[in-house]
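Read the single chain below, which is given as structure tokens and is the form predicted on its own.
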């Protein structure tokens, strides 16, 4: 039984999962870069109703050795590796670490660390409106480790919210999310548009369809048979549901922040090279967005 989960990444998603745990009467702690220990007020807005919840916040430098029994990592993919390493001495032996971010590659980078790593993906929708956390849409959260059944602690963690499940085929779930992100996020970031423009603008829709053709070929070479046939349908479905949304990559570009492109399109391109499959359109997008980041 894990008595307390620490949450690394105090953005919208980290705060959302903190609220879920708090509403169950559990006491999570949000990890911050600096500072000691304090009590923080989280204001959650759902359907125009607001709820105020108190949550512990702990600065990583203030952590004690082996204090963390369970760690949920909700940082951006490009920050996750450094973030996990920053609190490694505070991890209890065998403490589960759930990586819950867009993109792929962090799990592989930490593979030889000896840490108890699990991967996850979520379609929950949340964003910060000033200091208010807006729960914009309920979604599904899938957590797992390839080929393994759920550990005993997972039952209590899964009770923290609706629609949290375990899978022994987490690679397929992560790959599906990666394809959707590859089809949507880079185009919206490059063209500075909301998701819906990929349907409304014929040129952008055609560009997304060509990207998905490449994603399907890479998926087939990877033996992800369902992904090879469904990549475009998955992307279109998400665009339709989130037409008014700004992708996370677009938000990063607009605010001058480093994007997760290396862990999304970059991972896809590296996987294509490993498999000997050409994906020139995805490679071009990667170069364009990398160049934009350098020139900003």
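Quantities reported herein were computed from a predicted structural model and do not represent experimental measurements. Residue numbers count along the first chain shown, from 1.
Omitted from view is the form predicted in complex with a small molecule, to which the following refers.
With the partner removed from view, the residue among 79, 141, 167, 195 that has a non-hydrogen atom within 4.5 Å of the small molecule in the predicted bound form turns out to be 195. Among 57, 26, 42, 238, the residue placing a heavy atom within 4.5 Å of the small molecule in the predicted bound form is 238. The stretch that touches the small molecule in the predicted bound form, counting heavy atoms within 4.5 Å, is 184-192, out of 184-192, 167-175, 86-94, 206-214.
Not displayed here, the small molecule is kept clear of residue 259 by more than 4.5 Å at the level of heavy atoms in the predicted bound form. Mapping the unseen interface onto this chain, residue 102 counts among the residues with a heavy atom inside 4.5 Å of the small molecule in the predicted bound form.
Under a 4.5 angstroms non-hydrogen atom cutoff, the small molecule in the predicted bound form has residue 242 among its neighbouring residues.
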